[in-house]
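To begin, one chain is listed below as C-alpha cells, in the form predicted alone.
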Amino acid sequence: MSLFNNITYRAVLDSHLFSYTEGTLCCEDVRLDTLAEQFGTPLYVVSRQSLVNQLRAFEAAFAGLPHFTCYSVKANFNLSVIRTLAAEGCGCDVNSGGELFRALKAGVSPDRIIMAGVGKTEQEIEFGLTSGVLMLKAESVSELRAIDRVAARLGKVANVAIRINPNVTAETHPYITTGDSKEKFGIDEAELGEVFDLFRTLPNLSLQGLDMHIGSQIFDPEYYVAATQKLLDVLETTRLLGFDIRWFDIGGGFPVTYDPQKPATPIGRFAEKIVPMLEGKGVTVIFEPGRFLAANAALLLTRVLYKKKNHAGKEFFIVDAGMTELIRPALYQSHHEVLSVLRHETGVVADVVGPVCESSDFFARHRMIDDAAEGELLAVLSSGAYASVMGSNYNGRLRPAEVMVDGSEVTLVRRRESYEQLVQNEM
C-alpha cells in the first residue's frame, strides 16, 4: 500500500499548496521535477500563495484587536518573501542592520519597521534612527544610554520600546526559549524602576511601547496568557508614572506543524485567550510572526546521490543537500517530513543524510520513507523558516538557488552561488 494513503502524510500537505498530481509532488501548479530540471538541486521552493494564506489566517484570527503585524525577518529574509508579505499590509521586525537593509531594499516603508536585537551596535542604532524606523526596542539600561547618545548626536528624539523579560519559561526547545530570566533577552522586572527613572534623565528618548517575546514553537496558549498579564501590569505602572504607551508588543512564537503526529495548536485558540485580555486597553497590539508565516510555505528539493546499506543492515539515502542548507535537525534535533517527489508503493526504513563531513548532517533518522532510486528527488518539507537564512558555506559548499511559485508562474528569487563568489571578498 502507498505510504501516501496514510492520513498523517496527507496532513503534512494540507493547506500549504504542496500536493501530488498524477503521482508527482507539485508546488501550486508546478511539478517539482520540472523545477529541478530547470534550476538544479539543492533548491528552495517557495509557495507565494501559502505565505499569503498564512498571513490572512493570522489577520482574521486577531481581527477583533487594533493591531499591527510585523513579519519577523529573521525567519526568512529573501527579498521576495518580504515583498510578498508587505504587499499584504505586513510590517517588518528586524534584528540587525543587515535585516533592516533587506527590509528597506524590499520596499518596506521605514515607519512600518521595528528594530530589535539584544546587541545593537551604535552604527546599527544610527542606521535605524536615520532610516526613520517606527521604533527601536531596547533590552538593557546600557543600550538605552547608547540610543540616547546616538540620538543626541543626530539631533533626534528616538522612539523606544523596552523589551521586558517576563520570566515565563515556556515548554519548547531550550535554544528557542527567550522569556526566561536565565536567558540574555530583555530587561528584568527588577530593573524597571531604574529604567523608568532613567527615561526622565535622557532627553533624547521617548518611551512609546512595551515589548516581550517568550520563545518559539509555543503550543500552549496559557504561556501567552501568563506573560501578557505581566506586561499588562507593567502597562498600568507606566501609565501611573505618566508615560503614554502607544504600542503593546507581545512578540511571535506561534507554532506550526513540522511533525504530523504533533499538530500545532490552531491560531484561533491563541486569539480566544489573548483578544479578551487586550480589548479596550487603548494600545495597538504588535505581533511578530515569522515561522508561523514562512515555515510551511517552502520546501527543500534534493536529489538522491547514492543509496547504501552497512553490515548491520542499516540503510542510507545520501542526498545533495545537507546541514549547510537546513541545520535545524542538527541544531535542534527537529523533525522535518521527507517525501519522494515521485510516489512509490513501497517504503524503506532509512537515514536521509547529506554530504557534509559531520555525523550530525542528516534530515531523518530511522524513518520510513518511499523507496526512491538513486537520481530521484526528495522534498524536505517545512523549510521556509530558519533554513536558507541559517545556511553556510561549510565544506566549501555553494548556497542553493531559490524560486517562488505563484500558480503556474515561477520566478528565480535567488541565483545559485558560484565558486568565484566563495572567494570574492578574500585578499
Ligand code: LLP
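Because the structure is predicted, anything quoted here is derived from the model rather than measured. Heads up: residue numbers just count along the shown sequence, starting at 1.
Below: the form predicted together with the named molecule, not depicted.
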Contact label in the model of the complex: Pro289 to the named molecule, heavy atom within 4.5 Å: yes
Contact flag, Gly186 vs the named molecule in the model of the complex, heavy atom cut 4.5 Å: no
Distance check, Phe248 to the named molecule in the model of the complex, heavy atom within 4.5 Å: no
Non-hydrogen atom contact Gly322 with the named molecule in the model of the complex at 4.5 angstroms: no
Contacting member of Gly128, Gly354, Gly252, Pro166, with respect to the named molecule in the model of the complex [4.5 Å, heavy atom]: Gly252
The single option of Ser340, Gln217, Thr257, Asn78 touching the named molecule in the model of the complex, heavy atom within 4.5 Å: Gln217
Heavy atom of each of His67, Tyr223 and Arg269 within 4.5 Å of the named molecule in the model of the complex: no
Location of the named molecule contact in the model of the complex, chosen stretch of 80-88, 345-353, 67-75, 101-109 [non-hydrogen atom, 4.5 Å]: 67-75
Sequence-ordered list of residues in 375-392 near the named molecule in the model of the complex, where near means a heavy atom within 4.5 Å: Tyr386, Met390
